[in-house]
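Next up: just one chain, as structure tokens, the form predicted alone.
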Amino acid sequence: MSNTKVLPLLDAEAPEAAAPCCPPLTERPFTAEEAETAARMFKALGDPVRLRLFSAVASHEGGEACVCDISDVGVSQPTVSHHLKKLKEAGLLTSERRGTWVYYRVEPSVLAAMGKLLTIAPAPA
């Protein structure tokens, strides 16, 4: 049994998609839960290999990438698998097995949530 938490996903097309898991950093101080969620996400992306893998998946044609297409990041295949697992555990990637290959994708809602987190909140009128 795993004790990892997955980031909540948002429907990028829904009106509520503008409200990510956490408010913009400049809006107000984070609650303990919001800080844990954001820290989990940033910790997963804090490794250069993981960031390269995440970028490779996010920028791949069609919005998904076969592990066979993104493994050239300068580390062994078992290490690639380890890093992809960490990105999945943080809720940043989803995967689907098709035959012998695994395909990874970044949900658009994850990118939207990350963008909103780092957005400067508008000043009150």
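All residue numbers are counted from 1 along the displayed sequence. Since the structure is predicted, the reported quantities are computational estimates derived from the model, not experimental observations.
Unshown form predicted together with another copy of the chain; subsequent notes refer to it.
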Heavy atom within 4.5 Å of another copy of the chain in the predicted bound form, from candidates Leu45, Leu84, Ala90, Ala65, belongs to Leu45
Contact test in the predicted bound form: Gln77 vs another copy of the chain, heavy atoms, 4.5 Å: no
Does Thr100 reach another copy of the chain in the predicted bound form, with heavy atoms at most 4.5 Å apart? no
Just to confirm, Ser55 within 4.5 Å of another copy of the chain in the predicted bound form by heavy atoms? yes
What residues in 91-117 sit within 4.5 Å of another copy of the chain in the predicted bound form, counting heavy atoms only? Pro108, Leu111, Met114, Gly115
